[in-house]
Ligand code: NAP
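Only one chain is shown below, in structure tokens, and it's the form predicted alone.
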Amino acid sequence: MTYDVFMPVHCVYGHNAVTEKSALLSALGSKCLIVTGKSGAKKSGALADAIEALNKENIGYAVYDGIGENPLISSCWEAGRKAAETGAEFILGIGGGSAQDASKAIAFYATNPAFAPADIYGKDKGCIPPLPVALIGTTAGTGSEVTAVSVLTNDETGIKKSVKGPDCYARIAYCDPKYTYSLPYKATVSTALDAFAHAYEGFFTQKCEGVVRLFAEKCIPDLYACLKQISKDKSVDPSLRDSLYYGSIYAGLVINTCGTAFPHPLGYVLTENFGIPHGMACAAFAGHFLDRCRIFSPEKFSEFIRMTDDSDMVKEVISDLVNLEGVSISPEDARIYSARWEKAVPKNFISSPGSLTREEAESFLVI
């Protein structure tokens, strides 16, 4: 079996990365559209630093702050029109996974004025290349800074679906953990669970070998130690923030090559229908996943346990941090939700240890 690792993003790590390495933005253009949510970029200080960097480099900018959690293709389309109208030459996304994923899509809408919102899902059938994208992360979770994936929600169906490909990579990622310091407890927990899910789901795929396995072996124990401490304290010690953020980037490097496993598509059901934050939604199925890993990938499972705790303790830590209040899925409901996999099971199912059938997924959805 051969292994293919491609990672073209120029990553700048460390505190004050944006202002100290602002010259990198000049290579992307003389005008940009800043893409953010309503408040996170401001509260974190990332927006102020970005504007300082743009002014320093004499780069003009406009701001679009209409990106919400689980970004809608309609919002991305609207922002793409604004980018085109203002003459933006690149997109600067600031925020968590939502703003970053949206920025990748907006870059396509900006250069393809004939696109209707849903056309983004068919971009590979032929389109003008997107604008360059630079990203500034403000949460320790998705690893979108280093992946070629944009997860978007279709307004008409309410279903989350990924857009991916080499043209979805950012050109530059500023990885400064200080922007996560103001993140509230609940968001910190959910994004940390997402990063941990990326790490262990990717680790158990067949593609996780070589240098990618080293990334996984680095971030799995680091992220687990942070989650275990948060579970114990019921708060986030400031000393954990840097480890959580860098761990999320390493985990992003893992899924960039390996992808995720079945907890992610199952988690989409909880997010779409019950509003459960993405990280918690994926983590809700960690127990089922680890039980199958013990059976179908025993060697890697032993290594995973060596890096963390015994499996019961790992599942207890995760379960303690997952809040599924208000979620109740009957067997009949589960059959309805699983209809989305009737024609073909996702690649995430196939790449999971032992694979996963639609029927098995349906049984896991009963909560």
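All residue numbers are counted from 1 along the displayed sequence. All values derive from a computational prediction rather than experimental measurement.
This protein has a second form, the form predicted together with the ligand, left out of what is shown; the following refers to that one.
Distance criterion of 4.5 Å from any heavy atom to the ligand in the predicted complex singles out Leu183 from the list Cys293, Ile120, Leu183, Ile249. Of the candidates Gly80, Gly202, Gly96, Gly93, Gly96 is the one whose heavy atoms come within 4.5 Å of the ligand in the predicted complex; the others do not. Among heavy atoms of Val269, none comes within 4.5 Å of the ligand in the predicted complex.
Although the partner is absent from this view, Ser39 contacts the ligand in the predicted complex, with a non-hydrogen atom inside 4.5 angstroms. Residue contact with the ligand in the predicted complex: Glu69 places a heavy atom within 4.5 Å of it. Residue contact with the ligand in the predicted complex: Leu131 places no heavy atom within 4.5 Å of it. If you check the ligand in the predicted complex, you find a heavy atom from every one of Ser44, Val151 and Thr191 within 4.5 Å. Listed stretches are 207-215, 285-293, 191-199, 80-88; the contact stretch with the ligand in the predicted complex is 191-199, by a heavy atom cutoff of 4.5 Å.
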